[in-house]
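What follows is one chain in C-alpha cells, specifically the form predicted on its own.
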Amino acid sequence: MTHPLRLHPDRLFPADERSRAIARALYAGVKDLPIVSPHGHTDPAWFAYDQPFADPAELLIVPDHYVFRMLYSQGVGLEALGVPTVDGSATETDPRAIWRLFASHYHLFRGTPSRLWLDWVFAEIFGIDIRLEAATADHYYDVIAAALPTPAFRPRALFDRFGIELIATTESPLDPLEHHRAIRESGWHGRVVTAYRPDPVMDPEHPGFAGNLIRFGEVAGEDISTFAGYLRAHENRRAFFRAAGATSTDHGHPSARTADLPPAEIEALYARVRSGPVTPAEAELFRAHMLTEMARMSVADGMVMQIHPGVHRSHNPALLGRFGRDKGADIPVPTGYVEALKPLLDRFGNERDLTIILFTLDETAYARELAPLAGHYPALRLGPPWWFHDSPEGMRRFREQVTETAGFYNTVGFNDDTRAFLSIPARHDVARRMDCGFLARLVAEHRLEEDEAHELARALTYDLVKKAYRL
C-alpha cells in the first residue's frame, strides 16, 4: 500500500483561524518574489557548463551531509551511500542501490527540515504524488532519472524555473574563478557571483595551511615573507573577487574572537605562523587579529563581512580519516560575542559604511548578546538562523528572541547557505511561510498593523537581503 504525498497549502501557518488567514494574505504577497541567495555553496561549474545532473543518488544523497548524517546516526555506513573515501577505496557505485537504501530509511526524517525540503522537491519539481518509502523507491528513482537528462532539468533551466535573481557561491582565495569567468563569457543572463572565503590561508590549523600560504603569495603576485606583504596579497585577491561579482567575505572560525595587536606583535606572530607549527592559542590569536584586518579592508573596499563561528569541525576522527571533512560530524559549541568582538568593534563598530553579518549556532546568545549588539552598533547585522537552526522552530525562536531588541531592520532576510541546489526554493518557501506566520501573530495580537506587516513581509523576503549584501 502506498501513501499520498501532499503539500498542504497552509503548512507552517499558525493553527488559530484568525492568524492563519492573515498569514495566508501576507504569504500571497511574497511567495512569488524572486529568490536572492547571497551566500551558499553550490558549484559554479553547474551554471558555467550547464551539464545534466548525473543520477538521483548523486544529486540528492551523496553530497548532502544533512541526509547522510541522519542515516549514519542510525547505523548506515557512508560506504553504502556512495560517499567517496579519502584513499579511494571502494564504496557503493550503484545509484539505484543507494536510492533504495535511502528510501527504506526515509522515515528517519519525520519532523526534520530535510523532510520538508525533500518532499517539496519531490512534489513540486518532479511532480511525484506518492510518499517515498521502500515500496516506492524504484518509482521515485525512475521518475527522477528520466527527468534529469531533459533540457528542463539542466542547471540553468532550473535556475530560471526557481525564480532565482542571484546566487552567490563561496570560493577560496586560491581559486582562479574560471567557472565564474565562463559564466560571464557564455552570454547567459543568470547572475552567479562569488564570495571570498580566506580560511584556507588565514587559519593556521586549516589542513594544508603551509602549502596554501605559499600558493597564496604566488597567485596574488606578492612577497608574503612579511605581514605587510601578506595583507597586500589579501587586498589583491579581494579585488580579483570583486571583479568576479563578489560583494561579501565569509569567515568560518571556531570562535568569534577578534584582536587588535600592535604592529611588532602581529609581525612576530605572523613569522611563527609562516614557519609553523604554532600552538592552538597562537592560531586562535592570529585568526582573531585577521578578523579585525578583514574589517579594515571591508571599510576600504565595501565588501560585506560574514562571520560564521562556533563549530567543532570534524568531531569524529574516524570519519575524518576515512571520508574527510564536511561529512556530518560538525557539532555546535557555546559561543560568546560581547567580549570576543570588542577589539574589532572598538575600531570599526561605529562605521556606518561597514556591514558585518553575525551568525550563530548558539541560540542562547540571541537575546543575551547578539540582539543587543546589533541593536546598538551601526556596523552589525544579524544573519538568519543557520545550519542546525535553518528549520521552522529555529526560525520561530530567532524572531521571538531578537525582534524586541534588534527589530526587523537589523536582520538581513534569509540565506540558504546550501550545497543542495534543488532545495533552495524549498528553503526559501519555509522561511517566507514562517516569517508570515510570525507577522500574522503580531497583527492578530494588535501589536502591528496589517499594512505594516505586508511591508515587513516583503522586506524580510527580498529588500533587506539586497540592501545588506549590497546587491
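So that there is no doubt, residue numbering starts at 1 and follows the sequence shown. Source: prediction; values computed, not measured.
Just so it is clear, the following notes concern the form predicted in complex with a further copy of the same chain, a form of the same protein that is not shown.
Residue in contact with a further copy of the same chain in the model of the complex (any heavy atom within 4.5 Å), chosen from Ala134, Leu319, Ala210, Ala147: Leu319. Among Ala195, Ala220, Leu269, Leu361, the residue placing a heavy atom within 4.5 Å of a further copy of the same chain in the model of the complex is Leu361. Picking from 199-207, 83-91, 260-268, 68-76 the stretch near a further copy of the same chain in the model of the complex, with a 4.5 Å limit on heavy atoms, gives 68-76. Though the partner is left out of this view, Pro113 does reach within 4.5 Å of a further copy of the same chain in the model of the complex, counting heavy atoms only.
At the 4.5 Å threshold, heavy atoms of Gln401 reach a further copy of the same chain in the model of the complex.
In the model of the complex, at least one heavy atom of His107 sits within 4.5 Å of a further copy of the same chain.
Contact check for Ala239: no non-hydrogen atom falls within 4.5 Å of a further copy of the same chain in the model of the complex. Contact with a further copy of the same chain in the model of the complex holds for all three of Ala367, Glu445 and Leu456, each having a heavy atom within 4.5 Å.
Residues Ala15, Asp16, Glu17, Arg18, Ser19, Arg20 are the ones in 15-39 with at least one heavy atom within 4.5 Å of a further copy of the same chain in the model of the complex, listed in sequence order.
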